[in-house]
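One chain is shown next in structure tokens, namely the form predicted on its own.
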Amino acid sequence: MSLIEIKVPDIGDFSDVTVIELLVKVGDTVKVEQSLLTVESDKASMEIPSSHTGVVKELKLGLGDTVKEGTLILMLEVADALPVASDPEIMPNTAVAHDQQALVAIDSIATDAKTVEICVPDIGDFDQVTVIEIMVKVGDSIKAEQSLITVESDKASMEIPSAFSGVVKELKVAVGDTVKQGSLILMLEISEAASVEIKPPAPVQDLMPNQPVTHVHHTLAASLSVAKNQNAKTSGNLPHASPSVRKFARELGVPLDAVKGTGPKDRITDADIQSYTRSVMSGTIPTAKPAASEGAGLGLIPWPQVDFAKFGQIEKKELSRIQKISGANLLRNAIMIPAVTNHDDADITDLENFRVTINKENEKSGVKITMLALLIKACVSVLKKYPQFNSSLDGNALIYKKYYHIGFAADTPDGLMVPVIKDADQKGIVQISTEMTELAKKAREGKLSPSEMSGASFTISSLGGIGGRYFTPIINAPEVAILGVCRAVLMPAWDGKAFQPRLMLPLSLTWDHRVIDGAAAARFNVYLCQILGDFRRVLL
């Protein structure tokens, strides 16, 4: 064992920053990249990590001290370096382990590509959970934090992500297998050095930005979409947590204001986040689930319990995973949002002729412009004119979003999912059409990532490819409006002299009456119909 100095690394052009938090104490065992302290300039704060694994023997700083690059933070007792094997024959298939972190097996050191083991991380006090879904296959190229499998206990489910980017070489689990912490999931070929500590990954996406809506279902790992308990902190006060803990909580989909901090001054730690996740998975904290059988907690009479078999032959099938996940969110949105729907018809005769002409002229390009792509662009223009439709409620305040991320329905074998076109205001029709095609393809293949289904500020639910006339979509909280679109139909329209056949697009705008009134909703639809009738208005 030997003592080494841990100093402040290069933190940019800052000569003096203030220590606002000490994250370790004498006697603590720290790991490589574990945060030691938090410093703050007049612009931002950052955490300073350890460059070594070891035991803290002496702290050299206190709260309020000013530091800069090279300032001594603490003395760390580290294990003496082990001799490096020079014989290449003893190097393959060695393993590097950091306590309870996942094992990384080095398959080859001689080349840039290395094969590593991806294992189940710490998922709480569970000896066995069942694999209910395999989300990748051999040969797939995956990214770090992309979901690999879904596991389920008797109380909840969660997705297990990859710690690395690479190519799947071999699957080690199958649907129905039982796994626990450390169970081998797959072999992954990566290009980076394999001897890297794998931090606890992020199995579940944040559910708050994009909950499922009627006719628009998201694929979500809803086990952590829990109702905040009665002891949750009020939303007016930000939970006390460091940036790294906040990131960890976001990755796990854990609402910080539902977590009780055990650190100094009730600060939330990584351990608190993990403890909360264990509670969810064990059922100590109930997951959000449909409460129809209990009258949804609204004092309603119980749901009728009927023995249907006594009336005739029946067949019982379990709800799909998407149905189980979306039920509670649909119920909440339908009950809690005072929703109103306006129905209108937009004359898209000229726009459809334009679309057909453009597609014929650019047939060789392989990019097909759809009416939905034009509708997305039109909606952006309307949202700019009526920004309250691009907002979200936050208590008694209204958050106006300066970005235009438009969700759209994609039909898949597992149901409708909602990919999101990010920054639609900054993209042309061709780019939007191309991106829609790519996202829809990934949705059908079950390869949409959480980030590709989150962040929508306005959603379009289109049934144009199926049929129907009008419908009432449920608002996708925390959005305040959703546009439903059905199949366009030819209808007679009076031009002042005679009835002419015009192609009319049925529109159904559902809006939150807490934020929007009837006059604003009518103006939204009128302006949208004007744009679709004369698309040159998008230039205004």
Ligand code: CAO
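Computed from a predicted model, the values in this text were never measured in an experiment. When you see a residue number, it is the position in the sequence shown, counting from 1.
Absent from the display: the form predicted in complex with the ligand. The rest refers to it.
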- Task: Decide open or blocked for this chain: the ligand is absent here, so superimpose its site C-alphas on those in the predicted bound form and check whether 3 or more ligand atoms come within 2.4 Å of a backbone or C-beta atom.
- Result: blocked
- Considering the ligand in the predicted bound form, which of Lys31, Lys57, Arg487, Arg502 comes within 4.5 Å of it through any heavy atom? Arg487
- Query: Ok, Ser381, Ser454, Thr150, Thr370: which has a heavy atom sitting within 4.5 Å of the ligand in the predicted bound form?
  - Reply: Thr370
- Note on the structure: Which of 492-500, 32-40, 64-72, 479-487 lies within 4.5 Å of the ligand in the predicted bound form, heavy atoms considered? The stretch 479-487
- Message: So, Gly263 and the ligand: in the predicted bound form, are they within 4.5 Å at any heavy atom pair?
- Response: no
- Would you check, heavy atoms only and a 4.5 Å threshold, whether Glu133 touches the ligand in the predicted bound form? no
- Task: State yes or no: in the predicted bound form, is some non-hydrogen atom of Gly465 no more than 4.5 angstroms from a non-hydrogen atom of the ligand?
- Result: yes
- Message: Considering non-hydrogen atoms and a 4.5 Å limit, does the ligand approach Ser391 in the predicted bound form?
- Response: no
- Query: in the predicted bound form, do Ala409, Ala440 and Ser461 all put a heavy atom within 4.5 Å of the ligand?
  - Reply: yes
- Checked 423-447 against the ligand in the predicted bound form; residues with a heavy atom within 4.5 Å, sequence order, are Met436, Ala440, Arg444
